[in-house]
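This document starts with one chain, in the form predicted on its own, laid out as structure tokens.
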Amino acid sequence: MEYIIRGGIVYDPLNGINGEKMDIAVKGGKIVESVSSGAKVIDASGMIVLPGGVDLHSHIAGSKVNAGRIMRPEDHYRDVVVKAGLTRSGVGYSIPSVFTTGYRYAEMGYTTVFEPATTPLKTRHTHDELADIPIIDKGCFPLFGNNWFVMEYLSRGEIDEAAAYVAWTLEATKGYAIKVVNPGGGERWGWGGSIKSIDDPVPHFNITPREIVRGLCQINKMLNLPHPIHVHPNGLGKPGSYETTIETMDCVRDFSDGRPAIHLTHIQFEGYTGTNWLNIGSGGDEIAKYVNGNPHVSVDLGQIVFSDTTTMTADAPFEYQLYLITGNKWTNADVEAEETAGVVPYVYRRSNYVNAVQWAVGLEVALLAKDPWRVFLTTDHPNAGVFTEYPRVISWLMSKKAREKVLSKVPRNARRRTMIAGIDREYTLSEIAILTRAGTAKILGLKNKGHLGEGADGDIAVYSLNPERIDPSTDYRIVRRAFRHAKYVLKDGELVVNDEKVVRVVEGRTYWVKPKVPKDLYESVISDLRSKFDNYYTVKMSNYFISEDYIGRSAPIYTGGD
């Protein structure tokens, strides 16, 4: 199939194109220089043309997501999706069913999404759900921050063996990147304690969070993985957390080679000053200063949106504290020898002082950051808000007037403890394209995504937004409406959204990595693992490995380790 998208206003930051009127040609699923006269024409005149959106952090699949769906029927009552010919029925709101997830991302112009936290033992379930999410490409990040094997190897100084174990686990689970959540904190919580510093010991393992983060960062480089370690630090959601966050970023500063070595995720949740809930304030300024001065760090926002949602994380201690604060429904799980997890419903309210501070933190980091290639748009879906509210966040980033409207409705003492009212910066469309496409594809190491250059995947979004006729600073409602529903979306060169509706359902890829390690080391570690599986797990090692043909449209990335 050939298409030519004619006369659109193109934003393609990776190729230095900033609002130029031009044609984009697609053939055989890829962007090409030209197409034949028989190509189908999409008239994009008066509209903007961007690469398909790439989301690096959205909880869309897996056992904790499904637990949230089960425990919150009230979440779905107001958002029922009826079968409509091509598309299947489903439900939302904060935890959409799998098919609805794919349709809604595609209708927003997103074509690639990563599930950022899957316990290795339960990743088969994650792949079952990813396979059912239509249209978009996807992948998942296995958790390693409380993994017994990792902590044992690292505490003994066996970094090569730890790297071989991580390589085996990534291949066994068909995972894409190393995820770290509250390193050592889940394990310590299991013994009735909590981690208050990155130098606190983890019981029975003779190791600290600092050593876990440093060890996994070193392993990430040894395996030459495409994405930096993806870290949810200790102390998330607590007053004063910004200091632990900066300590965590700084503990791997010596791994800097000019590129990010660590990605701090949903930074809003880790950016608070103060010593208690009464004097909590924004540490967004301090976080942004550190990120600006240290190229080894990238972050995503985890931006708060005032709404009813469902929180879910592998940080079980955090979810237990949230349950104690709210008294809402709660579920927690401990996965043998690996990780913990929890789910708690939550409502973010403009009238709530703490929630208003949280809203300001994410925006402050984004607006004070000097390098948009290391700061990315997320809501940590669904933790801080549902992904369908990305257009609202875009309008806040592009319009001070839109931010002032929210500020006028939040508690006065929250305004005093944040800097947001004094920030004039407004993002450009090119910067939005970086935050949502070009930058996220680059940090994920996806060379064929996030741009419209020749050879790139034919993932393209066209929005009914004419920057020659509107000013995003004042017309922020028009911006929000435009990004909520793409006019046209092409996925791998196929028209999947036409006039804001899904018109074709295709199967997306599942990305995973297969790192290379020395054969003798790999076999030695596997031999060691067999005995540990017999001692620690209730499943056999042979049932743990997920075969490539299990995950549908497999897209392995081979990496060269030492």
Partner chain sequence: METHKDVVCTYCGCVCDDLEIQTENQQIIASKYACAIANEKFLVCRKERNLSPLLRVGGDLVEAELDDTIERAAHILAAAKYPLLYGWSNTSCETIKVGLELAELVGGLIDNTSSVCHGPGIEAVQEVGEVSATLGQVKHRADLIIYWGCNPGSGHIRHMSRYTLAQGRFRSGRKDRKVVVVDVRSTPTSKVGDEFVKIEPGGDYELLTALRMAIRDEEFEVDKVAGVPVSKIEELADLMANAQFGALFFGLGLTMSKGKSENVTAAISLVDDLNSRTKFILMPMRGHHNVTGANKVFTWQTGYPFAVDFSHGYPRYNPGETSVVDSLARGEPDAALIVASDPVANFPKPAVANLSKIPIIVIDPSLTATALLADVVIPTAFLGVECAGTIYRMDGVPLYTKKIVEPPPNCLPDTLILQKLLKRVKELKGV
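If you're wondering where the values come from, they're calculated on a predicted model, not measured in any experiment. Residue numbers count along the first chain shown, from 1.
A second form of this protein, the form predicted together with the partner chain, is not displayed here; the remarks below concern that form.
Engineer: Any idea which of 160-168, 108-116, 291-299, 199-207 reaches within 4.5 Å of the partner chain in the model of the complex, heavy atoms considered?
Structural biologist: In the other structure, the partner sits against 199-207.
Engineer: Although the partner isn't part of this model, could you tell me whether Glu152 comes within 4.5 Å of the partner chain in the model of the complex, counting any heavy atom of the residue?
Structural biologist: Glu152 belongs to the contact set for the partner chain.
Engineer: Give a yes or no for Asp132: in the model of the complex, does one of its heavy atoms lie within 4.5 Å of a heavy atom belonging to the partner chain?
Structural biologist: Taking the distances in the model of the complex, the answer for Asp132 is yes, it comes within 4.5 Å of the partner chain.
Engineer: Is there a heavy atom of Phe306 no more than 4.5 Å from a heavy atom of the partner chain in the model of the complex?
Structural biologist: Contact check for Phe306: no, nothing within 4.5 Å of the partner chain in the model of the complex.
Engineer: Against the partner chain in the model of the complex, would Arg259 count as a contact residue? Criterion: heavy atoms within 4.5 Å.
Structural biologist: Contact with the partner chain, no.
Engineer: Can you work out which of Lys221, Lys329, Arg425, Lys401 has a heavy atom no more than 4.5 Å from the partner chain in the model of the complex?
Structural biologist: Checked against the cut-off, the match is Lys329.
Engineer: Sort through Tyr93, Trp189, Tyr346, Phe255 and report the residue having a heavy atom within 4.5 Å of the partner chain in the model of the complex.
Structural biologist: By the 4.5 Å heavy-atom cutoff, the listed residue in contact is Trp189.
Engineer: Can you tell me which bits of 91-123 touch the partner chain in the model of the complex, meaning any heavy atom within 4.5 Å?
Structural biologist: The stretch touches the partner through Val91, Ser97, Val98, Phe99, Leu121, Lys122.
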